[in-house]
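The chain below stands alone and is given in structure tokens; this is the form predicted on its own.
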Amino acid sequence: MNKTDKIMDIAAKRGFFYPSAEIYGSKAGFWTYGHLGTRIKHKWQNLWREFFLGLNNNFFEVEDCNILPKQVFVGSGHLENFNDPLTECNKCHFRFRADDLIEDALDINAEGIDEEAMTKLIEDNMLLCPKCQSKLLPVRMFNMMFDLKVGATGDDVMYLRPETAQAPFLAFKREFNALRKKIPMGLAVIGKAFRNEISPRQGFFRLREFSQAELQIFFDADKINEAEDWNSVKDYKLRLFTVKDRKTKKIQEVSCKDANTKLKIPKFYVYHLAKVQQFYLDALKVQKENFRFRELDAKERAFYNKIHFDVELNLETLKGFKEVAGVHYRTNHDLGGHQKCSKENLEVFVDEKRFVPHVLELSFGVDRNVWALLDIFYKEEKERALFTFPQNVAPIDVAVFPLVKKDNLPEKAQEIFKDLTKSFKTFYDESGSVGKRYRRQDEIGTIYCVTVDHDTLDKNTVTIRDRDSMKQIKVDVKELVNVLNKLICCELKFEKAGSLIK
């Protein structure tokens, strides 16, 4: 099996995720999070909340409906512009994304290429239907919105939201007034979005129902070259892959100061690039060489995005750098569009002037980030396969085992397990040999295993095993909670936490 198949096998077998409604024949693009996957997802989301809402005391989270009126998406432009290029087999009528077909067959980036140019590429390179090898029809655009009929008559048409971003725009006026009319103001949403993808592929990476974590920062466009905490990041080096770097295919490391003065990227934007990079490198422990910001040119980015860098991670399962998030300067397109369509005045009066705020969007695909964690932290060693998740996203902190199922060890282990559940995400197991139990916990990324043995009954000590090094130490039961807390918070090195067993 390749790496993707191995991860998918563990994910389904151990309860990370699996196809939704699979007993009825699941549909592509729909997945169920199992008990471990749900833990990782929630931990990632809570880490995201803590990090990004902590950037400014005027950043808050809101929650909106998944189903919204048609006029919302007229105002946002989704009903007119939210399209993907579709091609169809002339014989079997199988439909799929034309840009995916071109990228896979010709190994080129098809972003920003229009329908006519895609059709010409398909014809010139004699690309055929992947299913039956017949000719393909000309490329056309397909709107990805899911519509719903609401009410008893079915006359009222509403839509599932294709992104969470509209919630902050719709809530802007209420929240601006409630938060004492201060700018910049950030409104975050973590929630579901829905896209009728033509042909979902790449397993868990491209979904029809998915979760997003987005922060919309409303600010005064005249102050875009200002950042309140600029000195803290000015010398910090960003890993940028600009449009000009595509010729050399090299990532450049540029200080925030140089990104501002030499690349002419505004300070407000650069500051948030730095914070996003710090989230991945410092909070999620992604290795620097596996991270980059990729700049999109005018043809690739949405027409309303004035500056657009995608966050890309180097994923072995997907054969290179893939988008997991983005930083987008959306100008005043969103509030301006909703103001025009709703006839509601969305201007603000701040610093003696009246204006429609501009928006900087930090947008993250939650599910893509979960997959990225599985890819990046999966390792194979001679005797085991394991996930080396950082402590802050591992699904289980501590597993508790009795060495054997006799001599009152299970009873003592259960007592310790119940005590640990008050402070940690824990798991209890007494099935099989202790070696096999260690391997099962390694495979799902459990950080520490606590083994209750005869010394526990005689000397009141337990053994703690470290996942990554497989080293073991002896710790007094009275100190167990304190020691584990310090280890998980990275306040104590494992070898110094107790008596090392050699």
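Remember, predicted model here, so these are calculated numbers, not experimental data. Don't overthink the numbering: it's just position in the shown sequence, from 1.
Form predicted together with glycyl-adenosine-5'-phosphate: not shown, discussed below.
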property: is_contact(Ala325, glycyl-adenosine-5'-phosphate) in the predicted bound form, heavy atom dist at most 4.5 Å; result: yes
property: Contact of His358 with glycyl-adenosine-5'-phosphate in the predicted bound form (heavy atom, 4.5 Å); result: no
property: Any non-hydrogen atom of Gly365 within 4.5 angstroms of glycyl-adenosine-5'-phosphate in the predicted bound form; result: yes
property: Exercise: Leu207 in contact with glycyl-adenosine-5'-phosphate in the predicted bound form, heavy atom 4.5 Å; result: yes
property: Interface residue in the predicted bound form among Asp429, Glu197, Asp99, Asp375, criterion: non-hydrogen atom within 4.5 angstroms of glycyl-adenosine-5'-phosphate; result: Glu197
property: Interface residue in the predicted bound form among Phe279, Phe293, Phe424, Tyr304, criterion: non-hydrogen atom within 4.5 angstroms of glycyl-adenosine-5'-phosphate; result: Tyr304
property: Interface stretch in the predicted bound form with glycyl-adenosine-5'-phosphate - options 253-261, 163-171, 382-390, 113-121, non-hydrogen atom within 4.5 Å; result: 163-171
